[in-house]
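Let's start with one chain on its own, the form predicted alone, as structure tokens.
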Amino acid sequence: MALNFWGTPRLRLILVTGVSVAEAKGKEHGKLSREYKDGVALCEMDERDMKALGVEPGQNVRVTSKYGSIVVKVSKMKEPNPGIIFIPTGAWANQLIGAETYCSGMPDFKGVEVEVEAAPTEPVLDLRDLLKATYGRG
């Protein structure tokens, strides 16, 4: 386990993205809704990985890949999968995915190497602020 600049733990994990029930329910309220953000701006982690980072469900973590970095809420995976994190598809997960499609038309939504660290003082951006930070407009 590596340490970040402040000496707190940082784990190297594998990101898997996909559709979730919470994401689908959130879409019914609109992508700018609190329900959508709550269903998509989160990552599920194995309980042991959460313990290694010193985070509890509902706390913020920063997830960083070679393509970008986001802050999301953490929740415990229902099934044990140490070394793996899951983030529902959407604007937050897309910040961590590269644009390369390898002639398939689809980028890699699974198997992306990421680093995860606790981010207790950093906010989870809402969709408008996330788009503004990424593209200069929201």
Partner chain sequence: METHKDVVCTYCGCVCDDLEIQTENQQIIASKYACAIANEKFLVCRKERNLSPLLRVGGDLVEAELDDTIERAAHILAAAKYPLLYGWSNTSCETIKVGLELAELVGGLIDNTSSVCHGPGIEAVQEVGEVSATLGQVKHRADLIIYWGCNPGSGHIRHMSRYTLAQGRFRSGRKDRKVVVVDVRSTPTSKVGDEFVKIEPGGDYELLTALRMAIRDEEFEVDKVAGVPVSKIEELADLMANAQFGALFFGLGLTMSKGKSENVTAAISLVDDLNSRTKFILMPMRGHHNVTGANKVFTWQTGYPFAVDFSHGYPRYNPGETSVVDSLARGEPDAALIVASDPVANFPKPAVANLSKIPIIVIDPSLTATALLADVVIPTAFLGVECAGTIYRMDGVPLYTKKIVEPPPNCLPDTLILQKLLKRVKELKGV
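Numbering follows the first chain given and starts at 1. Quick caveat: nothing in here was measured; it's all calculated off a predicted structure.
There is also a form predicted together with the partner chain; it is not shown, and the following applies to it.
Heavy atom within 4.5 Å of the partner chain in the predicted bound form: which of 119, 124, 11, 127? Result of the distance check: 127.
Can residue 47 be called a contact residue for the partner chain in the predicted bound form at 4.5 Å between heavy atoms? Contact check for residue 47: no, nothing within 4.5 Å of the partner chain in the predicted bound form.
Please check if residue 131 has a heavy atom lying within 4.5 Å of any heavy atom of the partner chain in the predicted bound form. Contact check for residue 131: yes, within 4.5 Å of the partner chain in the predicted bound form.
Does the 4.5 Å heavy atom contact test between residue 51 and the partner chain in the predicted bound form come out positive? Residue 51: no contact with the partner chain in the predicted bound form.
Indicate whether the partner chain has at least one heavy atom within 4.5 Å of a heavy atom of residue 59 in the predicted bound form. Judged by the heavy-atom cut-off of 4.5 Å, residue 59 is well away from the partner chain in the predicted bound form.
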